[in-house]
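First, one chain by itself in structure tokens, the form predicted alone.
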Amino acid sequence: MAKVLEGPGMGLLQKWGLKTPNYVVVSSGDEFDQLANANDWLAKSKLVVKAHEALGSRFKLGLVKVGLDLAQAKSAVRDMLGKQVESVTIREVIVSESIDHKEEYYVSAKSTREGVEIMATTYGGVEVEANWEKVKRILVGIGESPTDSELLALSKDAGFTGDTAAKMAEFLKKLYICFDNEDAQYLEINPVVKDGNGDLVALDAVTLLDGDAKFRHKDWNFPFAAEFGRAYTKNEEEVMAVDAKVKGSVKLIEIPGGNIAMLPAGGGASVYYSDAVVARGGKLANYAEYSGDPPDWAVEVLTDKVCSLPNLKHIIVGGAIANFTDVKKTFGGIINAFRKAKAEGKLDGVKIWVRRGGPNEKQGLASMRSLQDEGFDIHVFDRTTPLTDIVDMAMAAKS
């Protein structure tokens, strides 16, 4: 799952007809000043200023300011930007219109094995957790859509009455359409409130999308939120950009301080090898994987980033026996990057360990072994070697 920050999440809601407050996302005080001159609502409304980062408990951390006029909002924006909170530096702030309201509601849609669970309750905001047993839900089967009568029944069951029940049913319908069309896996709006016209408005949203579906959405021009309490590195962002363009998958997360780099084939292998390294007292320099038969150039980009990690002693190129990922082709991308890295002096003193099976494995493994003749410290094994034996060998080898 790929988390989307509040600003682009609100944009997706608006796209499918759900009402949100006016808002802007800014990365500098000067940018906010320019937007204030171009947007009358910023001067006419009470404002909310929030850190636009993947952080929980923003209220408790002092990263949400409410009921501000424009001058106060400008001051809050400048105070927040650049602030260090644990390992996170506040790089963006979202400024939104404050909506006066008396009641707060909760709605969400969540992907499950059976389909999509749609939930609603009149207990929203901070009250939802204490009243979770009052949350009502329906299950929409795979390949199905909720009917108007089902959504109205859910709305009434959740405690909505009269005109509000009908409006909430329509709101839930749009929520599901957004969820389904945007390849979402979780979409929560808390709170939903009534504005002065009686319309339902989404004040805040938690949006988790299927990141691997990005190639289907040309308007997903926003970055996904970092998942590890820090901003993505340049290398990580470049691999993500490649991942969004290709069939199959390439992934990279850097781990500072490690000296054993991972280049496994498949998500299962990546976890298997990473666990083996840690269990044997090793220090991982990264998490990575390539799978789904990606093109050789995409694997080459990933490998180039892995070879650029500092202080490496070992690179483990591991994988099980592939069903359809072409070993020769993907190894071709890895070999190209290895040669480039060696020419740049990046692999001096680095030992490379390879274990793989699958389509065209003999040709792929032979190409890897031929790197020995080019001065690489490389050790290549086929499907007859147990997967984690190469981890044992790497850990036992003298650096």
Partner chain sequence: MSILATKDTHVVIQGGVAGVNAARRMAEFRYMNKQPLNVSAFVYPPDAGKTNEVVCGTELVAIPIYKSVAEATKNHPEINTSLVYVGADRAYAAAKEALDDAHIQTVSMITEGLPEKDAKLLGKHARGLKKTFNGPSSIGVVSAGECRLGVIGGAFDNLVACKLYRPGSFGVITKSGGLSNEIIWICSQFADGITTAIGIGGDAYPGTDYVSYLEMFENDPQTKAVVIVGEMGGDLEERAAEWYGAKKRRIKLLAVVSGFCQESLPKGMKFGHAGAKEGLKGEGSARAKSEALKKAGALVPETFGALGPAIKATHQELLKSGEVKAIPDLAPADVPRLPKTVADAKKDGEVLVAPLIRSTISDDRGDEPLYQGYPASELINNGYDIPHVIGLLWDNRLVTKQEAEIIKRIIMLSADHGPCVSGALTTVIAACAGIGLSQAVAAGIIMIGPRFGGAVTDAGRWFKYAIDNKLSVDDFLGYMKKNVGPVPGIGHRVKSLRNPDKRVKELVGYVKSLGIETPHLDFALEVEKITATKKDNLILNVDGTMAAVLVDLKFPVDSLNGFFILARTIGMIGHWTDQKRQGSRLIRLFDYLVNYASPKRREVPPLQ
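Take the two forms, find the largest set of C-alpha atoms that superpose within 1.5 Å, and that set is the rigid core. Numbering follows the first chain given and starts at 1. All figures in this text were calculated on a predicted structure; none of them were measured in a lab.
What comes next is about the form predicted together with its partner chain, which is not displayed.
K.L.:
Looking at the partner-bound form in the predicted complex, is I260 within 4.5 Å of its partner chain by any heavy atom?
P.N.:
It does not: once its partner chain is placed as it appears in the predicted complex, I260 has no heavy atom within 4.5 Å of it.
K.L.:
Evaluate F215 for contact with its partner chain in the predicted complex, applying a 4.5 angstroms cut-off between non-hydrogen atoms, and reply yes or no.
P.N.:
Yes, F215 lies within 4.5 Å of its partner chain in the predicted complex.
K.L.:
Using a 4.5 angstroms cut-off on non-hydrogen atoms, would K102 count as touching its partner chain in the predicted complex?
P.N.:
No, K102 is distant from the partner.
K.L.:
Within 4.5 Å, heavy atoms only: does G115 come near its partner chain in the predicted complex?
P.N.:
Output for G115 is yes: heavy atoms within 4.5 Å of its partner chain.
K.L.:
Only one of A241, I142, V126, A71 gets a heavy atom within 4.5 Å of its partner chain in the predicted complex. Which one?
P.N.:
Only one option qualifies, and that one is I142.
K.L.:
Just one of D275, D219, E237, D148 has a heavy atom within 4.5 angstroms of its partner chain in the predicted complex, so which one?
P.N.:
In short, D275.
K.L.:
Thinking of S28, I90 and N311 as one candidate spot, does its partner chain come within 4.5 Å of a heavy atom in every one of them in the predicted complex?
P.N.:
Contact check failed for every one of S28, I90 and N311.
K.L.:
Go through 313-321, 153-161, 166-174, 94-102 and give me the stretch that gets within 4.5 Å of its partner chain in the predicted complex, heavy atoms only.
P.N.:
The contacting stretch is 313-321.
K.L.:
Going by its partner chain in the predicted complex, which residues of 253-274 come within 4.5 Å of it through any heavy atom?
P.N.:
Result: I253, E254, I255, G267, G268, A269, V271, Y272, S274.
K.L.:
Is the shift of N323 between the shown form and the other one large enough to count as movement, that is, does its C-alpha move by 2 Å or more after the core is superposed?
P.N.:
The answer is yes, as the C-alpha of N323 shifts between the shown form and the other one by 2 Å or more after core alignment.
K.L.:
Align both forms on the core first, then report whether P386 has a C-alpha shift of 2 Å or more between the shown form and the other one.
P.N.:
Where the cores coincide, P386 still shows a C-alpha shift between the shown form and the other one that is 2 Å or more.
K.L.:
With both forms fitted on the core, give yes or no for whether the Cα of E361 moves by 2 angstroms or more between the shown form and the other one.
P.N.:
For E361, whose C-alpha is compared between the shown form and the other one after core superposition, the shift is 2 Å or more.
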